[in-house]
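Next up: just one chain, as structure tokens, the form predicted on its own.
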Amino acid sequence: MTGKAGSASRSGTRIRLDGCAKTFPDGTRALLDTTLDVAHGEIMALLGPSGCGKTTMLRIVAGLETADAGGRVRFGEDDVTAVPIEKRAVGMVFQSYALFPNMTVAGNVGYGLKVQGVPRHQAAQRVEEVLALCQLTALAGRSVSALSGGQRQRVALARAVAPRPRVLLLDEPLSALDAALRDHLRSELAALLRRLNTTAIFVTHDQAEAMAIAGRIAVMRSGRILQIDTPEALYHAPANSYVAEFVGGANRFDGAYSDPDDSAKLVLPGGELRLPRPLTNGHAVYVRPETIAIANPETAPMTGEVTGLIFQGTHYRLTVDGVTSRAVTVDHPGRTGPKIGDRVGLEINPETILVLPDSDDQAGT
């Protein structure tokens, strides 16, 4: 990145939502009472399934929706709750990118500056800086209709940041791309957002995308935030059973709980699972696929039958039935794997087991 391009970026604005909820006229509560704090320059992901409230929250930040009475939205020290979107200085990137097909790349990037009435010379300089920052200089004169999906995504992002918004908002920014291109562009988008050095919130239902791009992730369900944390903390220390399953696909082990002689364990259809601590009411047991080892079925504490086998390059992903009430997913790192129909043993170090609240009621924001 050149020095000139680097000067185009600036530190973002802190975003603060206080007690924001959203109830639509038909009575639907799309967002429950929510407080969210995004630091200046931070990249925050709102992660969850369709209908969880993440897009509603993004629209409240943007000013496209109004929070229920009592909710406040602040950009830095400014209360923008009643400020319309056109005066909030937000940049937005939508799923469709919404580029102007009759304009060049440079024309699209400079459109917002033209609307703002920025003098032509200053606008041209700013467009040049942003094109360099987004690695689009060579495409400046090209029609957007001649661009690839990844190039269009960069143009949409460049257009959003050209007017120097206080906040950058992205709604499923990669969902319009095919799966292979989406995977490739995750790291590129993450690097670009960091170069822009502005406060960004993006909505996604894709956990891999959120973990690759965001510094922190807010996991949402049914209109509220269950946990906000770094990708590493969400994976290794989920707050509850929902987060464990949604982020990383942890296996749930259900069985009859036994605690003889202070040796807590679950008695399962396929054997016994020793627990790291006693199991209390309202808690459930989860195990990550990579912490389960394939072992000799004659000596292992649990056994099951391999019913699924996928080679994924660095490991095999196995589906094993008969261990507990649900199929168990196992990541086997060996160069060769068992075959479908094989009887296998499973071993799990108790220290890797997650004992979590079985209800998200115990998770806060």
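Everything quoted here is computed from the prediction, not taken from an experiment. Just count from 1 along the sequence shown to find any residue number.
Note that the form predicted together with a small molecule isn't included here; everything after this is about it.
Enquirer: Even though the small molecule is not shown here, does it sit in the predicted complex so that Asp26, Cys52 and Thr55 each have a heavy atom within 4.5 Å?
Expert: Answer is yes for this spot.
Enquirer: Specify the contacting stretch among 26 to 34, 293 to 301, 333 to 341, 315 to 323, defined as having any heavy atom within 4.5 Å of the small molecule in the predicted complex.
Expert: Of the stretches listed, the one contacting the partner is 26 to 34.
Enquirer: Within 4.5 Å, heavy atoms only: does Glu128 come near the small molecule in the predicted complex?
Expert: Glu128: no contact with the small molecule in the predicted complex.
Enquirer: Looking in the predicted complex, any heavy atom of Glu172 within 4.5 Å of the small molecule?
Expert: Yes - in the predicted complex, heavy atoms of Glu172 and the small molecule come within 4.5 Å of each other.
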